[in-house]
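Next up: just one chain, as structure tokens, the form predicted alone.
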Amino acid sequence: MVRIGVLAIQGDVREHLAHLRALGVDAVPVRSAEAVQSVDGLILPGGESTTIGMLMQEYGVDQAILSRRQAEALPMWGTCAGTILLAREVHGWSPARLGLMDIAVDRNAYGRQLASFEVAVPIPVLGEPPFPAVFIRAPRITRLGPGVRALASHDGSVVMAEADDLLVTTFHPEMTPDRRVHAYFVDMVAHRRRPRQ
């Protein structure tokens, strides 16, 4: 069984853990640099990207993630704020982030929280029906670097993309009962899992 961590500093932690556990995954909250070493994959949840970035630095979690990825595989999935934390380039004011994925994003491109919406988005890798994507103060991906593959788009913008063992969604899959994106990430982690001691 794979063990997937959810960065539990701030944001939609419980929702991700519930979806993963419903899929039969050993899902654990990650709050420390030490905990980063114990998981096969890591989800950076939606929330407030500035707060999450600052607390990652304060707790040393950012350096633990970067060191782990230099040494061995650590598949990661960023949702909404997590996408900002994984992006190499953030337009406008830029929070502390990991910068691991060659994408550029605009923060809060879809407006304030009152402008949140849900829309059915076709995601071919997930099959039918279209996914009920929830956008809450979502970032907009404005550039994909070489090796980054768009998996879904809405209104002319990429909303889901992957590059090797990195996955991003600008929407919140954890806010719906549909677990297909979580299952997709679990499969990604299972294919890149390292043997645990």
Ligand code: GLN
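Residue numbers run from 1 along the displayed sequence. As the structure is a prediction and not an experimental result, all values here were calculated from the model.
Beyond the structure shown, there is the form predicted together with ligand GLN, which is absent from this document and is the topic of what follows.
Colleague: How about residue 46 - does it come within 4.5 Å of ligand GLN in the model of the complex, if we only consider non-hydrogen atoms?
Modeller: Heavy-atom contact with ligand GLN at 4.5 Å: present for residue 46.
Colleague: Is there a heavy atom of residue 84 no more than 4.5 Å from a heavy atom of ligand GLN in the model of the complex?
Modeller: Yes, residue 84 is a contact residue.
Colleague: Wondering, does residue 137 line up within 4.5 Å of ligand GLN in the model of the complex on heavy atoms?
Modeller: Yes, residue 137 lies within 4.5 Å of ligand GLN in the model of the complex.
Colleague: So in the model of the complex, does any heavy atom of residue 80 sit within 4.5 Å of ligand GLN?
Modeller: Heavy-atom contact with ligand GLN at 4.5 Å: present for residue 80.
Colleague: So which stretch, 125-133, 22-30, 48-56, 141-149, is the one near ligand GLN in the model of the complex (non-hydrogen atoms, 4.5 Å)?
Modeller: Result for this chain: 48-56.
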